[in-house]
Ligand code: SAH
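Here's a solo chain for you in structure tokens, the form predicted on its own.
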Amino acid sequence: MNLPVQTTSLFQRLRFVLVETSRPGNIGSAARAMKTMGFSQLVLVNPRVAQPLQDAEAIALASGANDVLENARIVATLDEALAGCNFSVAMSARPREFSPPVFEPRALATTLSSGADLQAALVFGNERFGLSNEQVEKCNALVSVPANPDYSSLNLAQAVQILAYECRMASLGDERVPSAIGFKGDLASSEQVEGMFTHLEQALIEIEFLDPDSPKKLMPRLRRLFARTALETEEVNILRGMATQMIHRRQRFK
């Protein structure tokens, strides 16, 4: 079989291979885990459920990743699943006597993202039995999540999510899009911050909290305090509004 067209993007170079998966829900959950991290190539090797891609549980747990599920390939053997790959990695929590080189997820993700010529596959075993020694030996490397040694069992989809996340972070590097969660305003300019400090100092003098003849270290300490906050324009405006009210109320009752 001819190798696929080479591309530098790990999102197109990496496939996720599930071997002899028993529960269709895990297939759907794995598809969801992949899509949330930007991956789409899913291959099922001899799944132990009839028509897993049309199963109601798989579709429900895919939760919108139906395109990944619908485009998944089903093959009879691991050799077929790895056709066209030049680097395959077995996921295993069990030590193997004759294991290929072992990676932790983050180091593996760095290797995969930096190797533009790597047509790679991540191989996950059956929920109960994992991968056989023979299946592991077909791979170039083994990856193991450094989990709690007293309880290292991972759900299949959880394992897929961990590796997909690490691969995404390594692939994006400095091109990561900032999170859209939470409000982020514009940072205040140095002129705005200086105007705030002047205004705040006036207010503190007005309410007799700051003695201008003996200021001690109050204003430098306030500067140090606010320097740790990365003040935004709206926050400066709020503080200046407070200062204005303090001055007005003080002068009103004089």
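Residues carry their position along the shown sequence, with the first being 1. It should be emphasised that the depicted structure is a prediction, and the values quoted were computed from it without experimental measurement.
Another form exists, predicted in complex with S-adenosyl-L-homocysteine (SAH); not displayed. Remarks below refer to it.
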property: Interface residue in the predicted complex among Met91, Cys167, Ala81, Cys139, criterion: non-hydrogen atom within 4.5 angstroms of S-adenosyl-L-homocysteine (SAH); result: Met91
property: In the predicted complex, the residue from Ala72, Cys85, Ala109, Leu131 that sits within 4.5 Å of S-adenosyl-L-homocysteine (SAH) by heavy atoms; result: Leu131
property: Close approach of Ser114 to S-adenosyl-L-homocysteine (SAH) in the predicted complex, 4.5 Å, heavy atom; result: no
property: Contact of Ser144 with S-adenosyl-L-homocysteine (SAH) in the predicted complex (heavy atom, 4.5 Å); result: yes
property: Non-hydrogen atom contact Asn126 with S-adenosyl-L-homocysteine (SAH) in the predicted complex at 4.5 angstroms; result: yes
property: Partner contact for Leu154 in the predicted complex: S-adenosyl-L-homocysteine (SAH), 4.5 angstroms, heavy atom; result: yes
